[in-house]
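So this first bit is one chain, no partners, the form predicted alone, shown in structure tokens.
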């Protein structure tokens, strides 16, 4: 009888916990939705960038965080999505809304063609190969006539005033971000996520125990590529112009990895925490670069890269599991007291 009562009490506690979490999530989503109407134009643009990077970081985290495969190729799928939307819209007159899911599909196909063979490698070899693939994709896009070459592609703009345009893309990135965060949350609490963690901890024993490592890594890569492709398509319409150097910039891949690492690898909350922290830091450093004296001159624009490198080293040494790792450590200490 006592065990039955204990089970009921535990079930009620869990139900209340999930209820409070759901209400908190709903309140947060409602607040973000209202902000798109209340805040100034500059903040709408800034938050749109935050949402976009959270999508990329959550997509990267599926393979890079849960499975432990350091991937510098997210910008490849992002760029493929952007150029898919650009080519379909400008060259073949496909409706912009239709190009967005097609961009995700094309990015997934690209991941299937170049990423799956790369998954045969591990560790630093996989990271280097994804880096090389990013450079090769940029060179290919630069030399193709259909992509506009180095001149890029001018995207059609929406027939609204600037603030309305920014609001539309704000809600587009917000919706995609919510989808990416929900997907990461589901993965983290599913057998799929547990299997990816097993691969990260030790892939060979996991494979011996029956975990289909190759198939699971492929699924993780394809899911991340689809999210990046859709984000790239929305980004292309948002900026109204895409070109190879900026769209396939290595900085995007590096920033995504760094943001995920600072927030916490292998957690759905990591990108949600790491992206705003790093973007705010980057913005402050850009302001300082133009104002603070530095040996009789001003700080170079690349100064933020130096600071990011230092942050990466400090996180790796002092908080290898990121902000979420520190939070869980504090929670664990409170529970043991």
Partner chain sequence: MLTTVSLSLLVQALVNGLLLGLVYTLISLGLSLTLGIMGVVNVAHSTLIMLGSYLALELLQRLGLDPIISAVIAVPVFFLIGVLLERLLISRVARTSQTTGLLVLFGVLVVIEGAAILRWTTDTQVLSVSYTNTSLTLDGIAIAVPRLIAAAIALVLVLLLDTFLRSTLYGKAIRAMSQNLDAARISGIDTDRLSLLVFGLATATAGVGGVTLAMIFPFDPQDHYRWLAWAFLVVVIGGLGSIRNTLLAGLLIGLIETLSSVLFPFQYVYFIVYLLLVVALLVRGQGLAGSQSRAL
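For clarity, a rigid core is taken as the largest C-alpha set superposing within 1.5 Å between two forms. Residue numbers count along the first chain shown, from 1. A quick note: this is a predicted structure, and the numbers were derived from the prediction, not measured.
The protein also exists as the form predicted in complex with its partner chain; that form is not presented, and the subsequent description refers to it.
- This chain is displayed alone, yet in the predicted complex one of 326, 25, 19, 313 has a heavy atom within 4.5 Å of its partner chain; that residue is 313.
- Contact with its partner chain in the predicted complex, judged by any heavy atom within 4.5 Å, is made by just one of 163, 194, 241, 135: 135.
- In plain terms, the part of the chain that comes close to its partner chain in the predicted complex, with a heavy atom within 4.5 Å, is 135-143 out of 181-189, 168-176, 135-143, 151-159.
- At least one heavy atom of residue 72 is located within 4.5 Å of its partner chain in the predicted complex.
- Its partner chain is not drawn, but in the predicted complex it has a heavy atom within 4.5 Å of residue 306.
- Contact between residue 125 and its partner chain in the predicted complex is found at the 4.5 Å heavy atom cutoff.
- When its partner chain is considered in the predicted complex, residue 212 lies well away from it, no heavy atom lying within 4.5 Å.
- Taking its partner chain as positioned in the predicted complex, the residues of 215-254 that bring a heavy atom within 4.5 Å of it are, in sequence order, 250, 254.
- Once both forms are fitted on their rigid core, the CA atom of residue 316 lies 2 Å or more apart between the shown form and the other one.
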